[in-house]
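To begin, one chain is listed below as structure tokens, in the form predicted on its own.
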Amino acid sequence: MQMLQPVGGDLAADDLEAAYAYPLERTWLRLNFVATLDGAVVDAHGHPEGLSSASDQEVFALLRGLSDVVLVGAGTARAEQYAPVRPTEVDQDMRARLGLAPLPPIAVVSTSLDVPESLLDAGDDRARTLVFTADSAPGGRRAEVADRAEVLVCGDRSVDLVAVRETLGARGLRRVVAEGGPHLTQALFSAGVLDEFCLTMSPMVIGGAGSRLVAGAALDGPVRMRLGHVLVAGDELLMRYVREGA
């Protein structure tokens, strides 16, 4: 893997870690996605892994390894059968060196509390799942999920992502990596809580009417981003953009 911007050259493992290091002084929320040249986030069979590569998976694992918490929308968690992060999925030595907990928990955003069973009952070797919901969530389902995960109410009719960010920060979970899906991406941009967008550009075109990077209502206005860096691996580009003012 090589860096094209801001400076050129081959990257060692330490260089890659430094390129994606979190700011230490405050909560920082980054989004990580892989997409095709025409913006598709799933392949022709509806699977995101069809777009990924060894380099993308390396960065995916690094971003999880650098984080305090992994944030995901319930729809993506169901479609991809998310499970609590396993010890083998992140670099344990790096996390110990950085003073992080052994494993980052998964935090799911769900108004309906339709959370996949694979995320509940984490077990002794994995972090307990956090579920962010709204006060309007069904009471019976809330009690059921609360027996098997930690339920946090942020908002009345829908989940307030500003409150989610503040809650995570207050718990010391300040290094946040969001992994989609497209509706959560739209909501993060709309709420103004996203600091950074990491995008792997897969060198293919899918076409069709499948999921794209952002789904939902139009934003009030464009969100301006500045380029942090560009990495190249074969025909693939791995880009990091930072929100203006972040």
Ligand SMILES: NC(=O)c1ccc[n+]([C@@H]2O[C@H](COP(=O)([O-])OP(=O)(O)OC[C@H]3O[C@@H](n4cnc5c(N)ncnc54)[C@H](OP(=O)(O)O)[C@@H]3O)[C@@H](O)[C@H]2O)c1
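Quick note: we count residues from 1 along the sequence shown, nothing fancier. What you are looking at is a predicted structure, and each value in this text was computed from that prediction instead of being measured.
Below: the form predicted in complex with the named molecule, not depicted.
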Exercise. Can all three of R30, L63 and G169 be found with a heavy atom no more than 4.5 Å from the named molecule in the model of the complex?
Worked result: no
Exercise. Any idea which of 201-209, 22-30, 180-188, 217-225 reaches within 4.5 Å of the named molecule in the model of the complex, heavy atoms considered?
Worked result: 180-188
Exercise. Which of these residues, R175, R165, R95, R78, gets a heavy atom within 4.5 Å of the named molecule in the model of the complex?
Worked result: R78
Exercise. Given that the named molecule is left out here, which of L130, L161, L103, V145 has a heavy atom within 4.5 Å of it in the model of the complex?
Worked result: L161
Exercise. So in the model of the complex, does any heavy atom of V41 sit within 4.5 Å of the named molecule?
Worked result: yes
Exercise. Are any of the heavy atoms in G73 no more than 4.5 Å from a heavy atom of the named molecule in the model of the complex?
Worked result: yes
Exercise. Using 4.5 Å between non-hydrogen atoms, is L119 touching the named molecule in the model of the complex?
Worked result: no
For this session: Evaluate A107 for contact with the named molecule in the model of the complex, applying a 4.5 angstroms cut-off between non-hydrogen atoms, and reply yes or no.
Result: no
Exercise. For the stretch 83-118, which residues lie within 4.5 Å of the named molecule in the model of the complex by non-hydrogen atom distance?
Worked result: V109, S110, T111, S112, L113, D114
